[in-house]
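Take a look at this single chain in structure tokens; it is the form predicted alone.
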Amino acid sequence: MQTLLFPGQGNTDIGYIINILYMAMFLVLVFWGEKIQTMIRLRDIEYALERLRLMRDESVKFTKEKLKKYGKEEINRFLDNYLEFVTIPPVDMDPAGVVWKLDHIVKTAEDRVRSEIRQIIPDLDENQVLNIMNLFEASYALNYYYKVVRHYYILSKKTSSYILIIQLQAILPQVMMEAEAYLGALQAFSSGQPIGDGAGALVAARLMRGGEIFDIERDNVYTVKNIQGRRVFFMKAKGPGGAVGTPGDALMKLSEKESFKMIFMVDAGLKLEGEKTGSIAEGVGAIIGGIGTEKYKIEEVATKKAIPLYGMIIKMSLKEAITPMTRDVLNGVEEAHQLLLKRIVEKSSEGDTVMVIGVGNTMGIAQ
């Protein structure tokens, strides 16, 4: 008599053993397959979680080592407290005025951190304070990634939720990629090197050379130059500290006494996979990232005064945006610089007043 699973094999001992093994494997997969997959997925998540913890600890250790030269133990304690610092967003049940509430809360949080760093190390200049804040923010981001992944890992184990485990494992590659980028940014932040996110600010800085620099609003500077008969305002965050400024506030103030015919904005932007780093994309609208408050202010000015908004994006990855500026990004800056001058002449007439805003972190980029 022949077996059903292996016809023609014969009624041998080895045939029975193979059949039994196959049946056992089938039953295991039917009844315990999901549990086995869960164990494998949890093991992968545990590995990623441990890697995140090590990156968090490495960033905190690196920051504390860099601050040793100031000889202040208080700054280390402040960093430990800062990792758990929270900024509570305003209530948005009634959305009217929520932008200004959020703007106030964010500025209050930033002022508090700045003032406490100055109190602990009073000898620091403004640029050093800003660079230390950038270091703190990188450590904060890594700590946040670690805590969130740990939360969902523990929750998925407690609830034995297979769907939650799958979702967590699915987003882990992107989370790890972003965490690696922040870890790589520490060296740039500690030494004050220009980073990719400063591409837009660097374009403005190159065009500001030779002009008289004026301070305006919070961490912003501008100059006025003549470009083929056009009166052009060039504005960026004040460097070389790691500031992003408040271009919306500055534009609102300048627009009260100037009649701008158009506004150009240049900023770094995240590329899609497969796109070339440093390539330029032109468009319309307020080209600026962040929480949206500055974008709102710029759009308000442009809308109320019917000012066309043009912009350019210098494309790069997240890692390239927060690590030292690469040659490809620098090539994109040069291309945007030349293209911007061309567009100013093309889209405006002689005698027009034009605003150019270079958006981005000005670490290592002076005026």
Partner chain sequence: MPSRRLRAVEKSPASLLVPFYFFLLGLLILFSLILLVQGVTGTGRSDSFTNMLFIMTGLTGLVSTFYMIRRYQVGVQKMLRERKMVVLTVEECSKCNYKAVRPFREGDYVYGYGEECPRCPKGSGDTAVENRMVITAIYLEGGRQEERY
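If you're wondering where the values come from, they're calculated on a predicted model, not measured in any experiment. Numbering follows the first chain given and starts at 1. For clarity, a rigid core is taken as the largest C-alpha set superposing within 1.5 Å between two forms.
Omitted from view is the form predicted in complex with its partner chain, to which the following refers.
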Kindly confirm or deny that Glu137, Val149 and His151 each have some heavy atom within 4.5 angstroms of its partner chain in the model of the complex. no
Which of 163 to 171, 253 to 261, 270 to 278, 108 to 116 has heavy atoms within 4.5 Å of its partner chain in the model of the complex? 270 to 278
The unique member of Leu130, Met265, Ala237, Leu202 whose heavy atoms fall within 4.5 Å of its partner chain in the model of the complex: Leu202
Have a look at Thr223, Thr246, Thr293, Ser190 for me and say which one sits with a heavy atom within 4.5 Å of its partner chain in the model of the complex. Ser190
Indicate whether Lys61 is a 4.5 Å heavy atom neighbour of its partner chain in the model of the complex. yes
Wondering, does Met23 line up within 4.5 Å of its partner chain in the model of the complex on heavy atoms? no
Quick one: does Leu142 come within 4.5 Å of its partner chain in the model of the complex, counting heavy atoms only? no
Pro90 versus its partner chain, in the model of the complex: is there a non-hydrogen atom within 4.5 Å? no
Judged by heavy atom distances of 4.5 Å or less, which residues of 313 to 338 approach its partner chain in the model of the complex? Ser317, Lys319, Glu320, Thr323, Pro324, Met325, Thr326, Arg327, Asp328, Leu330
Exceeds or equals 2 Å, Cα of Val345 between this form and the one not shown, core fit: no
